[in-house]
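Single chain ahead, written as structure tokens, the form predicted on its own.
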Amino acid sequence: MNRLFDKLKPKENKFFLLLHEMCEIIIKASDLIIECVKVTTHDDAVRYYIQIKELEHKADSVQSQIFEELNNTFITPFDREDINNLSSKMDDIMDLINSCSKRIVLYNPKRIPENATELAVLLRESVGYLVLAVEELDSFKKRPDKIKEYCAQLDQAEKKADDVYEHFLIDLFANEKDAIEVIKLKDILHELERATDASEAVGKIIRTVIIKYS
């Protein structure tokens, strides 16, 4: 009987704490990927990849904890499907950051263009707004406008990233004569661009939550 009552008790703090933990992991990874795309040696790339990979494992663990809590909790702070989608999409950001660093190590390109740093910085900016939006979730019914503002900033960061990626492609196809390098660089930067897309997608999920409860 006590176990049943435990399941019926709201566990809002637990979900928010886990989401915050996921945010902290992604922030650290987005800082590392900025450094990773600036590397000039393969050994340095490997060093950053190892650190990012460790964070990716931590994010997977948090995602698993959230899923377990959703299965064991009857009362959630908002729709359990939205919580699952939110944490899953946040985990996607971490996976894409890891994928980018992994490709740098595997492909070992001759050089990484400045566009990669621009994209990584925009990703970090995007993740920063994402963190602020998630931090507001525990009081979103009181201050929905604040979250909407952060989500709008997520949209802007994603659009900037799209522009950077498009200009990178134009320059790459116009000036890079080595077809293998074209493939390598396009794939590496595409993962960064996809990470900003995933970050914007988190904002869309948060907007959905606000609409449902407004």
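From 1 onward, residues are counted along the sequence shown. Owing to the predicted nature of the structure, the values given are computational and were not obtained by experimental measurement.
Beyond what is shown, the protein has a form predicted together with a further copy of the same chain; the following relates to that form.
S.K.: With the partner left out here, check for me: in the predicted bound form, does some heavy atom of I50 sit within 4.5 Å of a further copy of the same chain?
M.R.: It does not: once a further copy of the same chain is placed as it appears in the predicted bound form, I50 has no heavy atom within 4.5 Å of it.
S.K.: Just checking whether E54 would be counted as a contact of a further copy of the same chain in the predicted bound form - the rule being heavy atoms within 4.5 angstroms.
M.R.: Residue-level check for E54: no, no contact with a further copy of the same chain.
S.K.: Using heavy atoms and a 4.5 Å limit, would one call S139 a contact residue for a further copy of the same chain in the predicted bound form?
M.R.: Contact check for S139: no, nothing within 4.5 Å of a further copy of the same chain in the predicted bound form.
S.K.: So in the predicted bound form, does any heavy atom of V39 sit within 4.5 Å of a further copy of the same chain?
M.R.: Judged by the heavy-atom cut-off of 4.5 Å, V39 is well away from a further copy of the same chain in the predicted bound form.
S.K.: Can you pick out, from A152, L169, I34, V46, the residue that has a heavy atom within 4.5 Å of a further copy of the same chain in the predicted bound form?
M.R.: Checking each option against a further copy of the same chain in the predicted bound form, the one that comes within 4.5 Å is L169.
S.K.: Across 94-110, which residues bring a heavy atom to within 4.5 Å of a further copy of the same chain in the predicted bound form?
M.R.: Residues within 4.5 Å: K102, L106, Y107.
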